[in-house]
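Next up: a single chain in structure tokens, the form predicted alone.
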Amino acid sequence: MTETDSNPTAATRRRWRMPEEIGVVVALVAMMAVIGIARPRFLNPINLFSLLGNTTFLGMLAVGMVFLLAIREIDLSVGWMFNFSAVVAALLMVAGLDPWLAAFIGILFGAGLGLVNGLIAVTLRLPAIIVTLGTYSMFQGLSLVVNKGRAIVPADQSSSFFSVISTKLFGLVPVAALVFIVLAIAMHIVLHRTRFGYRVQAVGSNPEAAAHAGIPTNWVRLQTLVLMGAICGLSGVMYVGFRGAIDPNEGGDFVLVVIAAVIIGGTPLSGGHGTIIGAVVGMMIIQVISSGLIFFGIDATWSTFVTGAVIVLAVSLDRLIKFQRARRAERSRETLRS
């Protein structure tokens, strides 16, 4: 008889375990309720859907960053891959290329930038955070050279690309936000229901054991960094379609917010696990904080401080929860031994 058979209560607990993202969801709802009670205009549907739209482009990057943190990596260049991909796509549109084709090339270009990061990291056996510390400046510099330090504004925006991306269904729901939601669902399935997702979490959990099990760890690292680049490219070209332009410095400060959202959402820096849903909710929490400060009349510059404080709180709570779980597990083992 197995331990599960002899302990049906434990089996029931595992079977009916609440989703791990429930904590951040409750935190998001509580924050929205508090702000809404104090400032009822905050809960206006127009404002809420505007928040969802503001979450879209950074949220996409957070979805990709989940895979990297799950594999114990961090990409510091995501903001400039976003920017450089958007600049390339916008310049192709200015040159007269069909915007849909230009957008597709922009996504491929982003994947290529991710490939550069991956090849350097794998070939030199360096952590991605070290490699991307350098490519952060490289991509920024090249983007500024290409755009000549000026915003790129496609002159002809009559194409369906711009009208589709910037459309709001029922006058409220941005199409770009729907694309973000579809991407998040797809990546959630990839992370938790595919061989690639299993390998990402296995490598992040224990690289040596994964290698002994026959998982090509370097190939998985390379794939993950390329995926991050492709998502940056997708977010960048959609930004061009939504805003109709790309500023030369747009994206430079994205990385802190993206990593913050992923950590707040429950993906540990120690790797081995990731939650796409948590990252999406984490990004929404950051947007709610920024919007709430405005509704309360607080200087928006405080949002960076508050975001950092939320990160510290989230990491502290994560450590506390893990410590409590470890203690309970140790007590259970001692009980079984006795």
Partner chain sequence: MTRNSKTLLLGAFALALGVSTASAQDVTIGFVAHAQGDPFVQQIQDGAQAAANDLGVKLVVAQQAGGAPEGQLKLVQNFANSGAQGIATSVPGESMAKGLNEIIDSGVPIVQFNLLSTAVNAPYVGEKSVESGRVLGKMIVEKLGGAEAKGTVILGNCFPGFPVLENRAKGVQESLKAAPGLNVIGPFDVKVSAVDNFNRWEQLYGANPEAVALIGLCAPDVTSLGKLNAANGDKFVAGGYDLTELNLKAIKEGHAYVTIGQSAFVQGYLPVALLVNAVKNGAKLGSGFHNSGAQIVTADSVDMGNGLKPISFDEAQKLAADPAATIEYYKPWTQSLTAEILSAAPQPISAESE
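Since we're looking at a predicted model, the values are computed, not measured. Residue numbers count along the first chain shown, from 1.
The same protein also has a form predicted in complex with the partner chain, omitted here; what follows describes it.
Options 187-195, 235-243, 68-76, 258-266; stretch whose heavy atom lies within 4.5 Å of the partner chain in the predicted bound form
Of the stretches listed, the one contacting the partner is 235-243.
Any chance all of A30, V34 and Q140 sit within 4.5 Å of the partner chain in the predicted bound form, going by non-hydrogen atoms?
All three within 4.5 Å in the predicted bound form.
Even though the partner chain is not shown here, does S159 get within 4.5 Å of it in the predicted bound form, heavy atoms only?
Residue-level check for S159: no, no contact with the partner chain.
Please tell me whether any heavy atom belonging to D247 falls inside 4.5 Å of a heavy atom of the partner chain, as the geometry stands in the predicted bound form.
So D247 counts as contacting the partner chain.
Contact flag, G149 vs the partner chain in the predicted bound form, heavy atom cut 4.5 Å
Yes, contact at 4.5 Å.
If we define contact as a non-hydrogen atom of the residue within 4.5 angstroms of the partner, is G308 a contact of the partner chain in the predicted bound form?
It does not: once the partner chain is placed as it appears in the predicted bound form, G308 has no heavy atom within 4.5 Å of it.
Those residues of 57-85 which, in the predicted bound form, come within 4.5 Å of the partner chain by heavy atom:
Contacts from 57-85: F57, L58.
In the predicted bound form, shift in Cα separation for I311 relative to P45, 3 Å or more
They are closer; the C-alpha distance drops by 3 Å or more in the predicted bound form.
Closer or farther apart in the predicted bound form, the C-alpha atoms of I311 and S290, for a change of 3 Å or more?
So the answer is closer.
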